[in-house]
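Single chain ahead, by itself, as C-alpha coordinates, in the form predicted on its own.
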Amino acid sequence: MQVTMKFVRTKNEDPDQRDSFVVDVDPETSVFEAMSKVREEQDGSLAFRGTCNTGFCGDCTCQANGKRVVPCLVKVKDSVKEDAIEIKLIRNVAPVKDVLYDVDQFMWKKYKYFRPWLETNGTAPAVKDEDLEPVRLAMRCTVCGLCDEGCTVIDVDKEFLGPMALTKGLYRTTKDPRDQDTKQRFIEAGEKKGLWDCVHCWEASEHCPWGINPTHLIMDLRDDSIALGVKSGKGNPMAARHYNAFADSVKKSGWLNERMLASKTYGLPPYGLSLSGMMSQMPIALKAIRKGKASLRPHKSRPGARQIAKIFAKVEQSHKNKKA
(Lines give C-alpha, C1' and ligand atoms only; values in the text may rest on other atoms or scores of the structure.)
Protein backbone atom coordinates (compact mmCIF):
# COMPACT_ATOMS: atom_id res chain seq x y z
CA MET A 1 0.00 0.00 0.00
CA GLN A 2 1.07 3.59 -0.61
CA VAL A 3 1.26 5.85 2.44
CA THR A 4 2.13 9.51 2.69
CA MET A 5 4.48 10.06 5.61
CA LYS A 6 4.19 13.65 6.85
CA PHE A 7 6.97 14.80 9.15
CA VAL A 8 6.63 17.92 11.30
CA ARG A 9 10.25 19.03 11.11
CA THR A 10 11.90 21.16 13.76
CA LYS A 11 14.41 23.51 12.23
CA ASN A 12 15.75 26.84 13.41
CA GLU A 13 14.58 28.71 10.32
CA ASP A 14 11.10 27.17 10.26
CA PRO A 15 9.93 25.42 13.46
CA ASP A 16 6.70 24.19 11.82
CA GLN A 17 7.87 22.92 8.44
CA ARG A 18 6.05 19.81 7.21
CA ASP A 19 7.61 17.55 4.60
CA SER A 20 5.66 14.76 2.90
CA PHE A 21 7.03 11.55 1.40
CA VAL A 22 5.13 8.78 -0.38
CA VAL A 23 6.32 5.27 0.42
CA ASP A 24 5.18 1.82 -0.68
CA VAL A 25 4.96 -0.49 2.33
CA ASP A 26 3.22 -3.62 3.51
CA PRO A 27 0.23 -2.84 5.78
CA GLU A 28 1.83 -5.04 8.45
CA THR A 29 4.99 -2.90 8.43
CA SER A 30 5.67 -0.97 11.61
CA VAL A 31 5.41 2.80 11.55
CA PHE A 32 9.08 2.98 12.52
CA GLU A 33 10.06 0.89 9.49
CA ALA A 34 8.06 3.25 7.29
CA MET A 35 9.88 6.19 8.85
CA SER A 36 13.23 4.46 8.25
CA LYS A 37 12.30 3.77 4.64
CA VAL A 38 11.81 7.49 4.07
CA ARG A 39 15.18 8.33 5.59
CA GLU A 40 17.03 5.58 3.74
CA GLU A 41 15.47 6.13 0.33
CA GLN A 42 14.32 9.75 0.11
CA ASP A 43 15.83 12.11 2.70
CA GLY A 44 18.93 11.13 4.63
CA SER A 45 18.79 14.38 6.65
CA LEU A 46 15.58 13.35 8.41
CA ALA A 47 16.34 13.07 12.14
CA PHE A 48 14.69 10.70 14.60
CA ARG A 49 15.93 8.17 17.13
CA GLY A 50 15.48 4.40 17.08
CA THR A 51 17.65 1.41 17.90
CA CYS A 52 16.05 -2.00 18.41
CA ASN A 53 12.89 -1.94 16.26
CA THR A 54 11.33 -4.40 18.72
CA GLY A 55 10.05 -2.14 21.51
CA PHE A 56 12.85 -2.77 24.01
CA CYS A 57 14.89 0.44 23.77
CA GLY A 58 12.12 3.06 23.96
CA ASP A 59 14.12 5.40 21.72
CA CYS A 60 11.69 5.99 18.86
CA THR A 61 8.75 7.47 20.80
CA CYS A 62 6.77 10.04 18.81
CA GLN A 63 3.26 11.10 17.82
CA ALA A 64 1.65 9.30 14.89
CA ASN A 65 -1.54 10.99 13.70
CA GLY A 66 -1.96 12.55 17.13
CA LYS A 67 -1.45 9.34 19.13
CA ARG A 68 1.57 9.01 21.43
CA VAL A 69 3.20 5.76 20.41
CA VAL A 70 6.33 3.65 20.33
CA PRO A 71 6.21 3.44 16.51
CA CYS A 72 8.06 0.13 16.18
CA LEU A 73 5.17 -1.46 18.10
CA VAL A 74 2.46 0.04 15.89
CA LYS A 75 1.56 -1.19 12.41
CA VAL A 76 0.99 1.12 9.47
CA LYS A 77 -2.49 -0.29 8.84
CA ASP A 78 -3.53 0.66 12.41
CA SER A 79 -2.16 4.21 12.23
CA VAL A 80 -2.96 5.45 8.73
CA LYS A 81 -5.76 7.97 8.20
CA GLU A 82 -6.78 9.03 4.71
CA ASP A 83 -3.66 7.27 3.35
CA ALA A 84 -1.35 9.39 5.51
CA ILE A 85 0.52 9.29 8.82
CA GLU A 86 1.72 12.53 10.39
CA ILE A 87 4.81 12.12 12.56
CA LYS A 88 5.83 14.73 15.11
CA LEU A 89 7.48 15.19 18.50
CA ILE A 90 5.84 14.16 21.75
CA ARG A 91 5.00 16.89 24.25
CA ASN A 92 7.13 18.24 27.09
CA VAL A 93 10.46 17.74 25.29
CA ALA A 94 13.20 20.08 24.12
CA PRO A 95 13.46 19.64 20.32
CA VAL A 96 16.84 19.09 18.68
CA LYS A 97 15.90 18.46 15.06
CA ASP A 98 12.81 17.08 13.35
CA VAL A 99 11.52 14.23 15.59
CA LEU A 100 14.75 14.14 17.62
CA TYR A 101 14.60 15.56 21.16
CA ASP A 102 16.93 16.04 24.11
CA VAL A 103 16.47 12.78 26.04
CA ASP A 104 19.00 13.82 28.70
CA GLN A 105 16.97 16.91 29.58
CA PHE A 106 13.65 15.09 29.33
CA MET A 107 14.44 12.00 31.42
CA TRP A 108 18.04 10.90 32.05
CA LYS A 109 19.09 13.79 34.31
CA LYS A 110 16.01 13.12 36.42
CA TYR A 111 16.69 9.40 36.49
CA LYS A 112 20.25 9.98 37.71
CA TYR A 113 18.94 12.11 40.59
CA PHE A 114 17.68 8.93 42.29
CA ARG A 115 21.10 7.24 42.26
CA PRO A 116 19.82 4.22 40.26
CA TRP A 117 22.25 1.73 41.75
CA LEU A 118 22.29 -0.27 44.97
CA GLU A 119 24.07 1.15 48.01
CA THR A 120 25.69 -1.54 50.16
CA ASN A 121 28.60 -1.80 52.57
CA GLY A 122 30.04 -4.72 50.66
CA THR A 123 27.57 -7.26 51.96
CA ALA A 124 23.98 -7.95 51.02
CA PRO A 125 21.28 -10.18 52.51
CA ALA A 126 20.20 -13.31 50.72
CA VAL A 127 16.94 -12.75 48.87
CA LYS A 128 14.25 -15.05 47.58
CA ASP A 129 13.14 -14.95 44.00
CA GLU A 130 9.73 -13.54 44.95
CA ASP A 131 11.41 -10.69 46.87
CA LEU A 132 12.61 -9.29 43.56
CA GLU A 133 9.24 -9.30 41.78
CA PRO A 134 8.69 -5.54 42.41
CA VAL A 135 12.21 -4.89 41.12
CA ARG A 136 11.50 -6.82 37.94
CA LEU A 137 8.30 -4.86 37.43
CA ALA A 138 10.20 -1.57 37.45
CA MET A 139 12.91 -3.04 35.22
CA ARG A 140 10.29 -3.68 32.53
CA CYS A 141 10.33 0.08 31.90
CA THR A 142 12.02 0.77 28.55
CA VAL A 143 12.32 4.54 29.20
CA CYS A 144 10.07 5.31 26.24
CA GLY A 145 8.97 8.50 28.01
CA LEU A 146 5.25 8.13 27.34
CA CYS A 147 4.43 8.38 31.06
CA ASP A 148 6.33 11.68 31.31
CA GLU A 149 4.76 12.83 28.06
CA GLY A 150 1.31 12.35 29.56
CA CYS A 151 2.18 13.75 33.01
CA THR A 152 -0.05 16.72 33.89
CA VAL A 153 2.54 18.06 36.36
CA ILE A 154 5.34 18.16 33.76
CA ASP A 155 2.87 20.06 31.58
CA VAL A 156 3.25 23.02 33.95
CA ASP A 157 6.60 22.28 35.60
CA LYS A 158 9.33 20.78 33.42
CA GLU A 159 11.54 20.34 36.50
CA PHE A 160 9.24 17.77 38.12
CA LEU A 161 11.22 14.54 38.28
CA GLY A 162 8.36 12.62 36.72
CA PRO A 163 6.89 9.10 36.75
CA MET A 164 9.65 7.45 34.70
CA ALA A 165 12.43 8.43 37.13
CA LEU A 166 10.27 7.68 40.15
CA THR A 167 9.47 4.22 38.77
CA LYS A 168 12.72 3.05 37.22
CA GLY A 169 14.98 4.96 39.61
CA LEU A 170 13.35 5.22 43.05
CA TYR A 171 10.91 2.29 43.00
CA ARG A 172 13.44 -0.17 41.65
CA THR A 173 16.07 0.64 44.27
CA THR A 174 13.86 1.06 47.34
CA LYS A 175 12.04 -2.20 46.62
CA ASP A 176 15.29 -4.14 46.40
CA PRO A 177 15.94 -5.73 49.83
CA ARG A 178 19.69 -5.59 49.15
CA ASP A 179 19.78 -1.78 49.17
CA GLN A 180 20.95 -0.27 52.46
CA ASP A 181 20.12 3.41 51.92
CA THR A 182 16.35 3.30 51.50
CA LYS A 183 15.41 5.92 54.09
CA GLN A 184 17.90 8.45 52.73
CA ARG A 185 16.55 7.84 49.23
CA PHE A 186 13.06 8.79 50.43
CA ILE A 187 14.40 11.92 52.13
CA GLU A 188 16.01 12.96 48.84
CA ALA A 189 12.88 12.06 46.87
CA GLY A 190 10.77 14.13 49.27
CA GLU A 191 12.29 17.43 48.18
CA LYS A 192 10.40 19.83 45.92
CA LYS A 193 9.80 18.56 42.37
CA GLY A 194 9.93 14.98 43.69
CA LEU A 195 7.71 12.24 45.09
CA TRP A 196 5.08 14.48 46.69
CA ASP A 197 4.51 16.69 43.65
CA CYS A 198 2.63 13.93 41.79
CA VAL A 199 -1.09 14.79 41.63
CA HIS A 200 -2.10 11.13 41.00
CA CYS A 201 -4.09 11.96 37.85
CA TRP A 202 -3.33 8.42 36.54
CA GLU A 203 -2.27 9.75 33.14
CA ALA A 204 1.14 8.08 33.52
CA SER A 205 -0.50 4.68 33.87
CA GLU A 206 -2.85 5.38 30.96
CA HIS A 207 0.12 6.14 28.69
CA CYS A 208 2.41 3.24 29.68
CA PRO A 209 2.57 0.71 26.79
CA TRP A 210 3.78 -2.08 29.09
CA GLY A 211 1.13 -1.95 31.80
CA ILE A 212 3.64 -1.11 34.53
CA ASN A 213 1.12 1.28 36.12
CA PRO A 214 3.59 3.96 37.29
CA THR A 215 0.95 6.04 39.09
CA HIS A 216 0.11 3.09 41.33
CA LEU A 217 3.81 2.53 42.00
CA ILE A 218 4.19 6.18 43.03
CA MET A 219 1.34 5.76 45.52
CA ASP A 220 3.09 2.63 46.79
CA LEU A 221 6.31 4.62 47.21
CA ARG A 222 4.48 7.21 49.29
CA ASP A 223 3.14 4.49 51.57
CA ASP A 224 6.66 3.09 51.99
CA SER A 225 8.03 6.55 52.73
CA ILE A 226 5.40 7.25 55.38
CA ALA A 227 6.02 3.82 56.93
CA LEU A 228 9.66 4.85 57.38
CA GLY A 229 8.61 8.15 58.97
CA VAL A 230 9.62 10.27 55.96
CA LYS A 231 6.84 12.68 55.01
CA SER A 232 8.98 15.11 53.04
CA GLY A 233 12.53 16.17 52.32
CA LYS A 234 14.43 18.45 54.68
CA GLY A 235 13.98 21.39 52.31
CA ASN A 236 10.30 20.71 51.67
CA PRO A 237 8.52 20.95 55.05
CA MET A 238 5.21 21.97 53.46
CA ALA A 239 4.62 18.41 52.22
CA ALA A 240 4.90 17.02 55.77
CA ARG A 241 2.71 19.81 57.17
CA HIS A 242 0.05 19.07 54.57
CA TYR A 243 0.14 15.34 55.32
CA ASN A 244 -0.07 15.87 59.09
CA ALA A 245 -2.83 18.46 58.84
CA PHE A 246 -4.92 16.30 56.50
CA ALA A 247 -4.54 13.22 58.68
CA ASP A 248 -5.25 15.10 61.92
CA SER A 249 -8.40 16.68 60.51
CA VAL A 250 -9.92 13.39 59.36
CA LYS A 251 -8.75 11.58 62.49
CA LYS A 252 -10.37 14.10 64.84
CA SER A 253 -13.60 14.94 63.04
CA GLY A 254 -14.08 12.15 60.50
CA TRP A 255 -13.83 14.48 57.53
CA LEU A 256 -11.61 17.19 56.11
CA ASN A 257 -11.53 20.71 57.50
CA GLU A 258 -10.33 22.46 54.35
CA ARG A 259 -9.96 25.84 56.06
CA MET A 260 -7.54 24.53 58.64
CA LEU A 261 -5.80 22.32 56.09
CA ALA A 262 -4.67 25.37 54.12
CA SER A 263 -3.63 27.28 57.24
CA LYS A 264 -1.58 24.43 58.66
CA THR A 265 -0.04 23.48 55.32
CA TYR A 266 1.28 26.99 54.75
CA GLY A 267 2.48 27.37 58.32
CA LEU A 268 0.55 27.35 61.55
CA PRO A 269 1.89 26.06 64.90
CA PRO A 270 2.58 23.27 65.77
CA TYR A 271 3.06 22.40 62.10
CA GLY A 272 5.78 24.99 61.52
CA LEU A 273 5.25 28.75 61.54
CA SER A 274 5.36 30.61 58.22
CA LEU A 275 3.62 33.97 58.40
CA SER A 276 4.45 34.76 54.79
CA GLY A 277 2.91 31.46 53.71
CA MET A 278 -0.26 32.11 55.69
CA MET A 279 -0.58 35.68 54.43
CA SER A 280 -0.19 34.50 50.84
CA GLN A 281 -3.44 32.54 51.25
CA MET A 282 -5.49 35.44 52.63
CA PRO A 283 -6.77 36.73 49.24
CA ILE A 284 -7.93 33.24 48.30
CA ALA A 285 -9.54 32.73 51.72
CA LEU A 286 -11.45 36.02 51.56
CA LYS A 287 -12.66 35.30 48.03
CA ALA A 288 -13.80 31.80 49.09
CA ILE A 289 -15.75 33.24 52.05
CA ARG A 290 -17.44 35.86 49.83
CA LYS A 291 -18.52 33.18 47.36
CA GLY A 292 -19.76 30.81 50.03
CA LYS A 293 -16.99 28.28 49.40
CA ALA A 294 -15.63 28.61 52.93
CA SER A 295 -17.08 29.34 56.32
CA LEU A 296 -15.84 30.72 59.65
CA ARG A 297 -18.26 28.51 61.56
CA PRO A 298 -16.78 25.76 63.77
CA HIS A 299 -15.93 22.51 62.03
CA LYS A 300 -18.17 19.80 63.48
CA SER A 301 -17.47 16.08 63.67
CA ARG A 302 -19.37 13.86 61.27
CA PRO A 303 -21.30 10.74 62.27
CA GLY A 304 -18.98 7.77 62.60
CA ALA A 305 -15.95 9.89 63.52
CA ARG A 306 -14.99 7.53 66.36
CA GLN A 307 -14.86 4.53 64.00
CA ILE A 308 -12.68 6.52 61.62
CA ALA A 309 -10.33 7.38 64.49
CA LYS A 310 -10.01 3.66 65.22
CA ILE A 311 -8.90 3.05 61.63
CA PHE A 312 -6.17 5.68 62.06
CA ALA A 313 -5.04 4.05 65.30
CA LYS A 314 -4.79 0.67 63.57
CA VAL A 315 -2.73 2.11 60.69
CA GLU A 316 -0.43 4.01 63.06
CA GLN A 317 0.19 0.82 65.03
CA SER A 318 0.99 -1.02 61.80
CA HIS A 319 3.60 1.61 60.92
CA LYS A 320 5.15 1.28 64.37
CA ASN A 321 5.37 -2.49 63.94
CA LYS A 322 7.14 -2.06 60.59
CA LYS A 323 9.71 0.27 62.13
CA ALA A 324 10.33 -2.22 64.91
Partner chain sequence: MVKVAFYPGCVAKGSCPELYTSSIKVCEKLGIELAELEDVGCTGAGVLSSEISDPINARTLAKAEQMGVPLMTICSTCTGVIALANVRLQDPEYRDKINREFLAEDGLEYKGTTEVKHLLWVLVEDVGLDVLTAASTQPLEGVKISPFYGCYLRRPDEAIKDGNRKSYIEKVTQAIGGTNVDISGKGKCCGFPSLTINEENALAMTAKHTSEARDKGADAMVVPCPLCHLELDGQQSRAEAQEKQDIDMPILHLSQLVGMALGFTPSEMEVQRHFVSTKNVEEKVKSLAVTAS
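The shown structure was predicted, so the numbers you read here are calculated from the model rather than taken from an experiment. Numbering follows the first chain given and starts at 1.
The same protein also exists as the form predicted together with its partner chain; that form is not shown, yet it is the one meant from here on.
- Among the residues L217, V93, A239, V99, the one placing a heavy atom within 4.5 Å of its partner chain in the predicted bound form is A239.
- Contact check for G292: a heavy atom falls within 4.5 Å of its partner chain in the predicted bound form.
- Interface membership of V153, defined by any non-hydrogen atom within 4.5 Å of its partner chain in the predicted bound form, is confirmed.
- Although the partner is absent here, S318 lies within 4.5 Å of its partner chain in the predicted bound form, judged by heavy atoms.
- In the predicted bound form, no heavy atom of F186 sits within 4.5 Å of its partner chain.
- Although its partner chain is not shown here, in the predicted bound form the stretch 219 to 247 places heavy atoms of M219, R222, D223, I226, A227, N236, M238, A239, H242, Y243, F246, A247 within 4.5 Å of it, in sequence order.
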